[in-house]
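So this first bit is one chain, no partners, the form predicted alone, shown in structure tokens.
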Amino acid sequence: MADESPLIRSLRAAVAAAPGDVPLRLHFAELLLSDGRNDEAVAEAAVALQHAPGDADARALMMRAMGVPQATAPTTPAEPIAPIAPTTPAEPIAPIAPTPPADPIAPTAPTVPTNGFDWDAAEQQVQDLVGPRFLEDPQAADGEGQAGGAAAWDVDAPGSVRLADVGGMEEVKDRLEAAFLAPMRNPELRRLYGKSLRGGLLLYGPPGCGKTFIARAVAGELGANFLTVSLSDVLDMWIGASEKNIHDIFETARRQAPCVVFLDELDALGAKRSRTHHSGLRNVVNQLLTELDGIASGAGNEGVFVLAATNVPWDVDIALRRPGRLDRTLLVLPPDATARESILRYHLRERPIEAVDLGKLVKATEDFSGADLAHVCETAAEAALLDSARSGSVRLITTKDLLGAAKQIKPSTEPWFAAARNVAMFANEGGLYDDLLAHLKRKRKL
């Protein structure tokens, strides 16, 4: 500022260089106050209080700058109190009368004077100069505690992925078309036969075989929104919050109908209650059953399609699989030869390859999952890259690299089939795993 004294300019620069130096800032505020810059002195005192909350000197300076009279210390009968200096020359304050000698006051412990100072009014006066020190929790401001905050569920718009984008797996596609998609595509026939526009389908099989991709393809075929739900989205440390999360998810799907709700890793979200010792997880399963029935919503689940995926369907609570809920099951097996060729082409499309014999590679990767095939391509690329780095010249990926990688990698589906074999043979109540049993017989794994 042009009319500032050199001392004020120097102190302003010093405060800017050391913003946390409270004594220096208070000294600067005293100088501003003596120069008649009361508003600036108030602002500097407020900043000092941010760095040192409760500082008595900063509070006293702020009150003086705002024109608030100061409290006086306790007096004794022998020393009458001198008059307080007037706030303004036009309005002198009357002197405080001394305590009469005949009624001496017993000594008491000193107390902190309050003066009836209105801190809310002071905050309003300086709020444009100094920002708030703490931010409020927006959920708490809306009346929602930590346990009751409504989550923002991400709903994906109808995607462009279709079943035609799924390479091979014609048997899976036919089952989906007959059991799930055909009734949805023919509203006249659906009304004729009294078929409700709702449904549930459980996809199960070895890990890495494309269950999530198939779920997205089904949503694309239906032209429906897509909402993915996993265990981490639901579980909450607060009592009742997990159940509320499930209710909120299905309410969001009903508002966004038509919508596919995809329950990923259903064995974790809907584990058998008889094996669950934690009451919170049992309550989650109970709430999920309620939402699947549409009891919590007067309109039901019309337009809400529930798809679920699991690697271990035998660990899913049996109540989730009864008619009217996830009553249709579909075994998603490792990709067949046509699907393996499509997957290998996809993962090699941007890599430098030379005369790759996909026929040999497809035969060498039987029972490989989609994730295993991606790992084969990655391993072959690493081998070619290492040779290129050692020789100093770029070498293309060959069939030999890919076959060598396929020989090193064991199919990740083998342990799953070893466990599923016992279930299909000895725990196939009601024919739940007839399709798995038929596959094992075809593969001569029984």
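Quantities reported herein were computed from a predicted structural model and do not represent experimental measurements. A residue's number is simply how far along the shown sequence it sits, counting from 1.
Although it is not shown, the form predicted together with a small molecule is what the next lines describe.
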(message) So the small molecule isn't shown here. In the predicted complex, which residue out of Ile318, Ala371, Ala337, Leu235 has a non-hydrogen atom within 4.5 Å of it?
(response) Ala371
(request) Would you mind picking the one in Asp165, Asp293, Glu170, Asp327 that has a heavy atom within 4.5 Å of the small molecule in the predicted complex? (result) Asp165
(message) Suppose contact means a heavy atom within 4.5 Å; in the predicted complex, does that hold for all of Gly208, Thr212 and Ile343 with the small molecule?
(response) yes
(request) Tell me, please, which stretch of 363-371, 252-260, 318-326, 237-245 lies within 4.5 angstroms of the small molecule in the predicted complex when heavy atoms are compared? (result) 363-371
